[in-house]
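The chain below stands alone and is given in structure tokens; this is the form predicted on its own.
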Amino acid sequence: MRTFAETADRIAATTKKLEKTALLAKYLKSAPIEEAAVAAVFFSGRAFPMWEETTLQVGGTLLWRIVEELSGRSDLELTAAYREHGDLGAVAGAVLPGGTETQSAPSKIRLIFREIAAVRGPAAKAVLVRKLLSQVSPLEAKYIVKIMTGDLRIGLKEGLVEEAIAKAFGGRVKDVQRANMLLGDIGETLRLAAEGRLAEARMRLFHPIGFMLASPAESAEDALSYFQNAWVEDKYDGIRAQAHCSGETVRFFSRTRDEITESFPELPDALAGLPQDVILDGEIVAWSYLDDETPTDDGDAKTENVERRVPAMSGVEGPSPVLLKEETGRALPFSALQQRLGRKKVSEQLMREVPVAYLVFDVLYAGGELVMDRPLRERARILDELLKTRTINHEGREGTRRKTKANPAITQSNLAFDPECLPPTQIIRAPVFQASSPEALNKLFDDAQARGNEGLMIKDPESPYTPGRRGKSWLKLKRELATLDVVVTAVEYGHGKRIGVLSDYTFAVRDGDRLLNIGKAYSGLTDIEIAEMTKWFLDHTIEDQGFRRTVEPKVVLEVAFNNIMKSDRHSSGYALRFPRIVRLRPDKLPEEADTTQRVEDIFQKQGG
């Protein structure tokens, strides 16, 4: 592990990617294959391969307490060291005295990690962590803690580890990348590369593949400048989710590659029983189920069950120009879905109060092969056929297994629920439209917002699915909901290159004479602005809490955001979704900041 740590230090010392790759390739080539395989996982910032469900379950507070105990430093001294170094691993390397062992191989550290993961309770874990950190050198402890916290901070992402494997063992980078994507294990990928067997890698389900990302478009004209005959979908205000389906087993993963199945226990059953293993891409949204006839504001009946024609694709192959039937209901704002997130157990009452739907818009794997390299128009045909012909298995409340044929556009459990039962779960093929002019695209945008959705996704029908990349094949068009003028109430030191500056700002809105916090943002200002503001905040600190400072509430910011949610996290009772700083407002006094009443007005307008 000493050689690993020394290599990591050398990699951290250079900003040149080629030099980082060369240093890592040299280390991997010189180490025994088993040690190199484990080290590749560690260099990716993980204790275990991505596909594994094993986690250490050792929090930062526990690590802090152990480092404090072993170092003999006070909490104040440790806080000062943290402000200097920026992460707990670097602090451990600076303050720990070091043990008697002179060398611990990566494979030995991995075995200890597995012991730590296997025991239950913080006390038992603390014993093993304390023993480990007391035996290794300070340099080794530095990187062991960094691995445990999941952040090496040496400027080495997994993509560079893949490049280093290719360089070390003579393979092509794209072959290494593909094998790692299929396996979800950079260590196993290294073993195959060393043996010249990368082509033998096969898809391992239930580890998430990177999501294809979209780039923002400034306007309809900007969006259509990249490709013609654009395919257009609504941009839903939910959470992106990848569904891995194999027989009766279905699991969902978020864009951060965390499993979220527990938060939506009704969804797996609605996708169980597909005739082939598949990986789907889509959006989970809170869904309002309405009766076929819903009274409008003036008391008239309004038919909600409508049919919309997908326009012909002007000679471009793709979704058939047939009638797609929209099931009664609509997507709700993210604030509704938020109640379902992060829960270990979801009650039937909550499932009734906040029903969800899964809107599917892509397929990555089907019929035993990856289809990501195929054009979107081909993947769309596969997806349409999959949802049109499949049969759903759905476990009823009494354990009765029933089957129902899927609608070409909508798939739902279609069971006879009484009022006390759960609502049906919908698996919806996201409707696709076509636009070849800015006027048509703007009309589709207005229609999407009228349906309560964020905006549009605009896609090139010839594009492959490129995991983890943000190119111009997928674009997103949306307009900011609003901006707020807010007052900074607290600041924190940043991370990485912002270790020494106060770059994370907590801000508030006015409620009479009070300031009530509503959010936190760290992006939007230039390095020069942050440096200038750091000096101001240091001179105007009310309370120095170490890493965090409360400051005189005199600085006004303009912040943009996507949504407003109800939240107990902030004193205002609200939180901004994806807040970002638009600009400093030195022209405004704190008394001119926006109020909680304006926040409430925006919340109501978005349909909160």
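Counting begins at 1, following the sequence as shown. Rigid core here is just the name for the largest C-alpha set that superposes within 1.5 Å across the two forms. All of these numbers come straight from a predicted model, not from anything done at the bench.
Heads up, the form predicted in complex with ligand AMP isn't pictured, but that's what we're talking about next.
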Stretch in contact, per heavy atom within 4.5 angstroms of ligand AMP in the predicted bound form, of 528 to 536, 88 to 96, 377 to 385, 456 to 464:
456 to 464
Residue within 4.5 Å of ligand AMP in the predicted bound form by heavy atom, from R255, R120, R83, R514, is R255
Consider the chain as shown here, without its partner, and state which of R498, R240, R178, R73 has a heavy atom within 4.5 Å of ligand AMP in the predicted bound form.
R240
Should W474 be counted as a contact of ligand AMP in the predicted bound form, where contact means heavy atoms within 4.5 Å?
yes
Give a yes/no on whether R585 approaches ligand AMP to within 4.5 Å in the predicted bound form, heavy atoms considered.
yes
Answer for D234 alone: is it within 4.5 Å of ligand AMP in the predicted bound form, judged on heavy atom distances?
yes
In the predicted bound form, does F361 have a heavy atom within 4.5 Å of ligand AMP?
yes
2 Å or more on the CA of A25 between the shown form and the other one, with the rigid core superposed, yes or no?
no
Would the C-alpha of A37 be classed as shifted by 2 Å or more between the shown form and the other one after rigid-core alignment?
no
Direction of C-alpha distance change in the predicted bound form, E353 to R598 (at least 3 Å)
farther
Relative to what we see here, could you say if E454 and R583 have their Cα atoms closer or farther apart in the predicted bound form, with a change of 3 Å or more?
closer
